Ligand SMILES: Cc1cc2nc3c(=O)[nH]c(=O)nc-3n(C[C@H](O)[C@H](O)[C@H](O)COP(=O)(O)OP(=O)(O)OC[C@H]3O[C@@H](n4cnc5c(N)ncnc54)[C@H](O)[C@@H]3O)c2cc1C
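In the block that follows, a single chain appears as structure tokens, in the form predicted alone.
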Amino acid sequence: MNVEALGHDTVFGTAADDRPEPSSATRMVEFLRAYSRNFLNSRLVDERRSLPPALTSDFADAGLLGLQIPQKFGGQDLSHTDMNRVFTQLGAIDANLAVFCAVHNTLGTAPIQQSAAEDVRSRVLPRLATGQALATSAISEPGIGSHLRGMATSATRNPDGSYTINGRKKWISLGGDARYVNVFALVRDDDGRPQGITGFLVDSRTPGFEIGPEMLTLGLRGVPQYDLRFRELRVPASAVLGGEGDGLSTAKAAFMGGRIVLAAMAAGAAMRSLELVQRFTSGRVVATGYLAENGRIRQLLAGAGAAVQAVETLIGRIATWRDAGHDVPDAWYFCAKILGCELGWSAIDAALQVLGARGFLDTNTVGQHFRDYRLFRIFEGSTEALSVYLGTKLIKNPGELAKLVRPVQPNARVLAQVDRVVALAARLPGDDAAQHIHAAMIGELACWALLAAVTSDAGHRSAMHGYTTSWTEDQLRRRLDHAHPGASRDLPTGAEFAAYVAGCADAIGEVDQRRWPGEEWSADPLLRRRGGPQRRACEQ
């Protein structure tokens, strides 16, 4: 990259500058802003389905590929608070850049840093920090998503201590680009008995590592999702991350860190969307005057702003705890993922709505945010799945929610609402369908209770913080007022709903499209090499 073009003063400061040396995170944020202004074209990234060719080396030079890698390995060793700053900035600029960095730094490098043998770390981490190689994790599989206990990919231990991996992974970000892939597989003994899920650090150049097709996604097109296939892929004993059977804890740690990062990115994109819509409403005149002064528009945007500020407060508090070395309960991470991504995307949607026809233009930044960040409600566990999981855990131990909010010291109003959630959790309905709905409801209410707790502690900071506190409490109170057990009693049965959908199919007729290929990409049979691996690949 031509650093001169970015402006030396803008990015790095000057020798004559008497200000204190900026932190690594500050330098990276300044770099990203200058990079966005001078070198980035998000429309081309989206249309070409690829990141700029020089981006990896540019980002590596700026330290963005080794955010929390120790300095002795060439990384930045950032705090969790600074990590949030960087990803909020990335999220405001482009989801593709943000996810590229997030996958590499959380799903990719974190398991290696935390669980690989010391000699492996010394060899691999410097390459990752300096952009010589990228890393990702392969966890999701066809039919099970991220439900690790349903994993079908298997690994068997060989007499020499090595392992042979067979199986298939799906929806792997950077799967076709990463040199190192943390592959999670179920180890089986010689008799086929499961011995536990284990993580393996795999070099993608290893024979038996096969890259499948790229998924053509609705958004986030610059970071392709790939299928991966492992056929008799053999790795040494040193490839094991942690110990045999420790894969669940290794994967969980990576997921939890990634969930905070997703919330930070969504918050950044929502901030950018609100900035753009504020520019628009300040200049747009309607029958009532400037749109920014219209009461309903003010209400809509203030709610969106409160949602974003609440998420900021939440992830900031979690980062502070982690930086202080506290053991943060899982529920806080789930809350950040669920409400961070839901509220971030909702704020983007509100901005698009207020922009009117301008918001619906696909050339508009907010429109691209709308498509790209929609995935965040699904990424690394969908809102519905995580809400049911969290709710189920709290129903088994309703008093746990009161323990979770105690360190925050929320006000009396929030504590009263927490008591209502705890009481509701104990009213478990009878049938299975009602229990699923009840668990989802408790999971969602618990997240709002945690959010109300952290925002109540920040209400004194500014007028907007005060509004955010009351807005969050009101959201929790409204949801509690409409929550009741037995919400499934009026649901149609599975057969009744299937009959309705069959009627829909009759009403609209057969409309499946033939979807013939628009271009011929397969090699001419007469130009293929006869025999050898190419022929076998074609025959398969």
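Sequential numbering from 1, following the sequence displayed. Given the structure is predicted, the values throughout are model-derived calculations rather than measurements.
FYI, the form predicted in complex with this ligand isn't displayed, but the following is about it.
Q: Indicate whether Phe209 is a 4.5 Å heavy atom neighbour of this ligand in the predicted complex.
A: No.
(Q) in the predicted complex, is there a heavy atom of this ligand that lies within 4.5 Å of any heavy atom of Ala138, even though the partner is absent here? (A) Yes - in the predicted complex, heavy atoms of Ala138 and this ligand come within 4.5 Å of each other.
Q. Using 4.5 Å between non-hydrogen atoms, is Ile338 touching this ligand in the predicted complex?
A. No.
Q. Would Lys393 sit within 4.5 Å of this ligand in the predicted complex, counting heavy atoms only?
A. No - in the predicted complex, heavy atoms of Lys393 and this ligand never come within 4.5 Å of each other.
(Q) I need the one stretch from 110 to 118, 130 to 138, 234 to 242, 197 to 205 whose residues put non-hydrogen atoms within 4.5 angstroms of this ligand in the predicted complex. (A) Heavy atoms within 4.5 Å of this ligand in the predicted complex occur in 130 to 138.
Q: Please state whether all three residues Ser173, Leu375 and Glu384 have a non-hydrogen atom within 4.5 angstroms of this ligand in the predicted complex.
A: Each of the three qualifies.
Q) Looking at Ser79, Gln225, Asn166, Thr365, which has any heavy atom no more than 4.5 Å from this ligand in the predicted complex? A) The residue from Ser79, Gln225, Asn166, Thr365 that makes the contact is Gln225.
Q | in the predicted complex, the residue from Ile144, Leu361, Ala426, Ala416 that sits within 4.5 Å of this ligand by heavy atoms | A | Filtering the options by heavy-atom distance leaves Ile144.
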